[in-house]
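A lone chain, given as structure tokens: the form predicted alone.
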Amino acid sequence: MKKITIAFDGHSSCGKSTMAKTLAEKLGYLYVDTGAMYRAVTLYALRNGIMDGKSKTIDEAALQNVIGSIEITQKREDGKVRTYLNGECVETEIRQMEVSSCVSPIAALGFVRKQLVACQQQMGKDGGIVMDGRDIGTVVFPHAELKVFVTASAEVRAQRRLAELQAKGDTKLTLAEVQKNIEERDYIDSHREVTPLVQAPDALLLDNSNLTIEQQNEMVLEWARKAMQK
């Protein structure tokens, strides 16, 4: 079978990264978590005083001056994909609520998206790749052989996200706080001027509000096999 490009887009906390990663493993494809790349830029901005975590204000000039020197890589280690920022593994840090609450404003900046999209396109130029994010099927790989748009209700996503955070030891957040963060990110992602989150016309919709992990994984695997046979 030919190697194809598979694009996953969708709302935050709908499990698309885990789904895309599982599919890549089953197909023997390269997996790229583009959301983690934007999170890494956000962490850099927070650490270096370029963004204020409370007010969400960004020194755009300062970020634009350094964006080209920020090195973000992803490596598969012990069966897991980990994100590195300038050589440091930041997989744990980029998943914290501090970064989650600030990533959408960073991702809305045109010069940030331009830099990372170019990097993503280089990664997938030869096919055999599964990539997830917000604009993979519309901007990064508009000609991808398979596009999947993943969503779920905000309530369900908040419950899943809270359980994930609690499993990592974060017991301070409430369900209401997590849901508010998710709804805010949905709004920013869908209304930003540069490449807003939209479902590509030829993308297959997957609402996993009431699906088990096994059901959704089987569904996308079947879609992938059909796309590879065309």
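Being a predicted model, the structure only gives us computed values, none of them experimental. In this text, residue numbers run from 1 along the sequence as written.
The discussion below concerns the form predicted in complex with a small molecule, not included here.
*Taking V41, R82 and C119 as a possible spot, do all three reach the small molecule in the predicted complex with a heavy atom inside 4.5 Å?*
Result no, not one residue of the spot touches the small molecule.
*What stretch, of 84-92, 130-138, 67-75, 149-157, brings heavy atoms to within 4.5 Å of the small molecule in the predicted complex?*
That would be stretch 130-138.
_Contact of V103 with the small molecule in the predicted complex (heavy atom, 4.5 Å)_ = Yes.
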